[in-house]
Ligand SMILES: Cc1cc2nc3c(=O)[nH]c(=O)nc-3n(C[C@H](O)[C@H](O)[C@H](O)COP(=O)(O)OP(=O)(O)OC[C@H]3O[C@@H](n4cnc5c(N)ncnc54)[C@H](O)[C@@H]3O)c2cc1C
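Just the one chain here, laid out as structure tokens, in the form predicted alone.
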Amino acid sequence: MTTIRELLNTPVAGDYDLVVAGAGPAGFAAAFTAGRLGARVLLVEQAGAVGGIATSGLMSHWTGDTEGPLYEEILRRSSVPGPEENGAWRQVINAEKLKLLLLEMLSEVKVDVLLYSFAAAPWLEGTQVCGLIVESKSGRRAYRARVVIDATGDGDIAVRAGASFSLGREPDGGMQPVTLMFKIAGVDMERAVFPGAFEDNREIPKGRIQDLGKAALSAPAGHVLLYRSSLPGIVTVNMTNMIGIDGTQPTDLGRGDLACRRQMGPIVDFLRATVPGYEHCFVSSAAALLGVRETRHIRGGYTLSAEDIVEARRFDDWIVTRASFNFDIHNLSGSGLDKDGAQQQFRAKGKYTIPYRCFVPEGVEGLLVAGRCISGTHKAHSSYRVMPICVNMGQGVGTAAVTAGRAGVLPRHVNVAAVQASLAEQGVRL
């Protein structure tokens, strides 16, 4: 590739205890937690909203039965009245309500937020990250920080700082397919069905619903996942599907977005013709953010495994507790559940912890990672990548960043017992 040499003088626009790149559930939680602990925090997000897939991605609900005090606070403050006040209804997401709530929560703890701003590169001095370089309509700016947290989902900042990583599945680099979530209106909610898992192949008048979807929809689409929303007559659809997409490549992201948008019309036609209650449905909105499930796994001091999850391991250096979800591996070669996934057949000995070592990239100082890019295997990732667990990750690394900054040590050398004590004061239970 031909290159050009640039000589840049980048203005330093701020000095913070913590700068967080990416405002999805993990990044939001890290920034909010650190701000609540009294740190000076900057949160940088390329979209026009905080929340990532939960908001810009139009995700239907918070999945699983993970527990955590910040996660519980988000549910309590964002939930809408419903028939299951203490059950699954609390986990339904109203994206517009959540966008406002998350911004208000950040304001409450005095976190500075830069929306429409791209986390372009780490500010490096040798192998130590000393801040973040940001590109926006104002131009290129640098922000100094005692600690930087990479919550970009793809580990962009960690990789540009020199962290090592693997891409996707261990044998071949294959990555889970991408999805563009969308909502449909005009649904008769009294008659509608809501299959919420690949293994939910319920009978409807014309046959078994997953079998009908696979027969009617062109590959790689074919599964039927439909979820109640908090609004009357509106259902969230998780049925677009594109395989072979590398979410670290913009050309692939564009190709995936186009393919998923083209699938929306045939999906609506299928629902109208086949599924009770959906005879008059139509597309009301589509996500602004393509749902990328898997890309880089940043190598840390420990790689979380599927066995750790099944065995419900309790690590001495935990900073995430009470995590719980199945192996939600979407088929890497088509629709439905991958051969290595397990939803209704998933079995574990309890809820699991994630050790601090998974969040500290090898070979890079001053940086922590949070979200789906932490150090773990392809199969383990399919469990910990979900949003409630990412909230718990953010709370853990946000606390670790503040603890390290106040002690004047690099994050790698933080006293994990002190981090755990702070988390316990916040209500985190082992």
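The first residue of the shown sequence is 1; numbering continues from there. Since we're looking at a predicted model, the values are computed, not measured.
Omitted here: the form predicted in complex with the ligand. The next part is about that form.
Novice: With heavy atoms only and a cut-off of 4.5 Å, decide whether Arg385 touches the ligand in the predicted bound form.
Specialist: Judged by the heavy-atom cut-off of 4.5 Å, Arg385 is in contact with the ligand in the predicted bound form.
Novice: Is Leu37 part of the interface with the ligand in the predicted bound form - any heavy atom within 4.5 Å?
Specialist: Result no; Leu37 lies far from the ligand in the predicted bound form.
Novice: Is there any non-hydrogen atom of Arg293 lying within 4.5 Å of the ligand in the predicted bound form?
Specialist: Looking in the predicted bound form, residue contacts with the ligand include Arg293, since a heavy atom lies within 4.5 Å.
Novice: Would you classify Trp318 as touching the ligand in the predicted bound form, given a 4.5 Å non-hydrogen atom cut-off?
Specialist: Output for Trp318 is no: heavy atoms all beyond 4.5 Å of the ligand.
Novice: Quick check for you: of 187 to 195, 265 to 273, 174 to 182, 98 to 106, which stretch puts a non-hydrogen atom within 4.5 Å of the ligand in the predicted bound form?
Specialist: Flagged stretch: 174 to 182.
Novice: Hey, with the ligand in the predicted bound form, do Phe118, Gly153 and Asp156 all fall inside the 4.5 Å heavy atom range?
Specialist: Yes, the whole candidate spot contacts the ligand.
Novice: Pick from Ala348, Leu75, Met242, Leu289: which residue has any heavy atom within 4.5 angstroms of the ligand in the predicted bound form?
Specialist: Checked against the cut-off, the match is Leu289.
Novice: Given that the ligand is left out here, which of Gly376, Gly68, Gly366, Gly52 has a heavy atom within 4.5 Å of it in the predicted bound form?
Specialist: Partner contact (heavy atom, 4.5 Å) among the options: Gly52.
Novice: For 217 to 246: residues with a non-hydrogen atom within 4.5 angstroms of the ligand in the predicted bound form?
Specialist: Contacts from 217 to 246: just Asn238.
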